[in-house]
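The chain below stands alone and is given as structure tokens, in the form predicted alone.
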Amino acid sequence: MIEVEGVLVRFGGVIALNEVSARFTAPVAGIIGPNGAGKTTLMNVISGFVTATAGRILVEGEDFLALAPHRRAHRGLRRSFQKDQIADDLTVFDNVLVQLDFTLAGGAAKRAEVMRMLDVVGLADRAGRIGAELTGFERRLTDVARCLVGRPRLVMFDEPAGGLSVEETHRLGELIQGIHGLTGAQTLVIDHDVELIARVCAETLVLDFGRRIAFGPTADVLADPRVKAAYLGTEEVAP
């Protein structure tokens, strides 16, 4: 369970997150909203890249905001970014292996885990290829594999489907849906692809101007007139 409690973030005089609260219990949950709504800021607070003015974030009851960013990674936090973090001069295998540097497992165990996760994402036969030779989709799959190693507890994806084809997005969605069964981790997904969010996320948080405007089962949230007005570009109907 991921509990966001009254998270407030200020950048000077701008309130980026205005006492946002949500309790994520589903294996896969979404965070959506228009550009500038505070979605990535919330992920950055969870990661430790942005410091909250107030509030708490609990992951399985542990207050992550009390931990240094590298300690959060040690506790099982994994994330990808809008721009992939793949090193062009490293092989696919080594791009994933570096994620295990902090673990105490032996070299053979680490190598076996890397190959297992590369097989899961469909890149086992490309393990020796360097990052510069990968397609955009292969780079994204390598990013996913990096998030799966080292016994993750919470995996966060920031617009993972950006630039992907319909077929590639469908494959990515299948991988995201399988993360909980494979590792036991919860997953949070930010994406502008509403079809992807509707397909893979059981519950969704909607932000607008740093405020929570809806949270709950994804189908109900996407049908909410306030969400349609803020995010889907339709006119809100007054009650």
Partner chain sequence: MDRNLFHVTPRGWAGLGLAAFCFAVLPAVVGSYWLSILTSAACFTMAASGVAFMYARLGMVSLTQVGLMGIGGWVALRLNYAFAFPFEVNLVLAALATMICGWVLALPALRMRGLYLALVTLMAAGGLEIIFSTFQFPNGGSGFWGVKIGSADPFRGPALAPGPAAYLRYVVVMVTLGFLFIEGHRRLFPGRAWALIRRSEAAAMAAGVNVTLYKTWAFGIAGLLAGASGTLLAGSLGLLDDGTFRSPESIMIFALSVVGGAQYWLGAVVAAVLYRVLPGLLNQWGVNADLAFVIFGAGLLHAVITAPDGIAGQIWGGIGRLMSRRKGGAE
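Quantities reported herein were computed from a predicted structural model and do not represent experimental measurements. Positions refer to the first chain, counted from 1.
Same protein, other form: the form predicted in complex with its partner chain, not shown, and the subject of what follows.
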So in the model of the complex, does any heavy atom of Q85 sit within 4.5 Å of its partner chain?
-> yes
With a 4.5 Å heavy atom cut-off, would you call P69 a contact of its partner chain in the model of the complex?
-> yes
Does V98 reach its partner chain in the model of the complex if we count a contact as any heavy atom within 4.5 Å?
-> yes
Hey, in the model of the complex, does F209 get a heavy atom within 4.5 angstroms of its partner chain?
-> no
Hey, with its partner chain in the model of the complex, do A73, L77 and L90 all fall inside the 4.5 Å heavy atom range?
-> yes
Note which of E159, D94, E168, D119 lies within 4.5 Å of its partner chain in the model of the complex, where distance is taken over heavy atoms; exactly one does.
-> D94
What residues, if any, in 163 to 188 have a non-hydrogen atom within 4.5 angstroms of its partner chain in the model of the complex?
-> none
